[in-house]
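Starting off, we have a lone chain in the form predicted on its own, written out as structure tokens.
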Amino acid sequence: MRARIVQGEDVLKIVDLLRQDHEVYAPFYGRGRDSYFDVVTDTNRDRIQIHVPNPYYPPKRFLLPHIERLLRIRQEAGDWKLEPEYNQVRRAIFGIRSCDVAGINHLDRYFLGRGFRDIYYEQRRRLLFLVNVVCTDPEADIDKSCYCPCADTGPAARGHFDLQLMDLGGEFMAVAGSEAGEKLFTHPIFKKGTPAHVDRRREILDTIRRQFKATTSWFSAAVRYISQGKVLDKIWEEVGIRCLECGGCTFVCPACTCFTVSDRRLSDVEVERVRIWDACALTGYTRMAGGFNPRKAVHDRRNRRFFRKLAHYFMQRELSMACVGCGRCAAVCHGDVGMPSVVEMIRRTTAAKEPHELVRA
């Protein structure tokens, strides 16, 4: 990958370059800790934040909207006419974190990497430009629940972005991850770097990896126990007791893919088909048309969530576990059954039941 150096005062000029032919979204501060992605305008351009807590609402919504109209079904002259609706807007996300880049890469493999390609997702992905910002500020960028090093997704993404920016202190290293990103290097704000810049990057990454407050180093054990069906029922029952069935963990997860499709009547001669995010935590998720629900008990739905994310079968199919270490599930869960807590429960409780070989002196 080719790299260039940008002075700190010129970083937002990258946003200006992208705004020439993209609708650009960037992170802003809300109230308190809150942050959010919003469209960049002439009015708010100077309030863009480089170092900011990762917004809880994941940027995956720019590819898989919370509510998305798929098509209109219209009756004309006695016949029904289908009118698909495709997104045609060129968008750029400036300031997307490495964990969310990994989340989008996971969605790419799910919606585009197998025999069936989701044409709605494909249209949006083709028109999306990603500017990854490496988390280098331990006070602003890294939340107490972040654990991306354990998921091997951060603090610096290794690929699947168009441009990556890393704060070296007063200046930024820009790394091109695609041809589209490399084309930006023709602009005079990008200067050639030196070996000292590369050394500085390595030094910062080595330091920042030690700044993460949350670690979930027991992923491998949890994957093994879940894949082998060795997780004790009492663990899932405990998780079910704590779960409030709010669906928050799913809605903030960058790697969750579940949705439902519904037809809504607009008039006597027109119906729209919409896709809506769904969540395995919700009671109606597995309810069948006749009313029977094979997973009515909440702990039956909770164990399917973690099986889906950590089981070896799915990791083989999608080339990674469906967790990117962003920590959002831990941050929003009122019952403390986010990924880090559940992995720890599985490891501690199941390992205690594992037989150990007697060692004799």
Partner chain sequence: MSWFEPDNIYRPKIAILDRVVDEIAEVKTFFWHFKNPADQEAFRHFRPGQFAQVSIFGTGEFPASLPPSPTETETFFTIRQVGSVTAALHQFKPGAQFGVRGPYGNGFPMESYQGQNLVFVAGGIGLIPLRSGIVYALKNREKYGRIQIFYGSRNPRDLMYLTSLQEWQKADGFECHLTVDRADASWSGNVGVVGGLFKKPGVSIPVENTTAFVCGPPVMFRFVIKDLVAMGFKDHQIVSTLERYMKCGVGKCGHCCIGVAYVCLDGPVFTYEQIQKLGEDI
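Numbering follows the first chain given and starts at 1. It should be emphasised that the depicted structure is a prediction, and the values quoted were computed from it without experimental measurement.
If you look for the form predicted in complex with the partner chain, you will not find it shown, but the lines that follow are about it.
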Among the candidate stretches 153-161, 174-182, 275-283, 244-252, which one is within 4.5 Å of the partner chain in the predicted complex when only heavy atoms are counted? 275-283
Using a 4.5 Å cut on heavy atoms, which of R45, H66, R33, R317 is close to the partner chain in the predicted complex? R317
Just to be sure I understand the contacts: of G170, P195, P188, G78, which is the one whose heavy atoms reach within 4.5 angstroms of the partner chain in the predicted complex? G78
Tell me whether K60, A297 and R348, taken together, all sit within 4.5 Å of the partner chain in the predicted complex, counting heavy atoms only. no
Is it the case that T260, even though its partner is missing from this view, gets within 4.5 Å of the partner chain in the predicted complex, heavy atoms only? yes
Are any of the heavy atoms in Q123 no more than 4.5 Å from a heavy atom of the partner chain in the predicted complex? yes
Heavy atoms within 4.5 Å of the partner chain in the predicted complex: does R90 have any? no
Is it the case that R224, even though its partner is missing from this view, gets within 4.5 Å of the partner chain in the predicted complex, heavy atoms only? no
Contact set, 115-148 vs the partner chain in the predicted complex - heavy atom within 4.5 angstroms: F116, R117, D118, I119, Y120, Q123
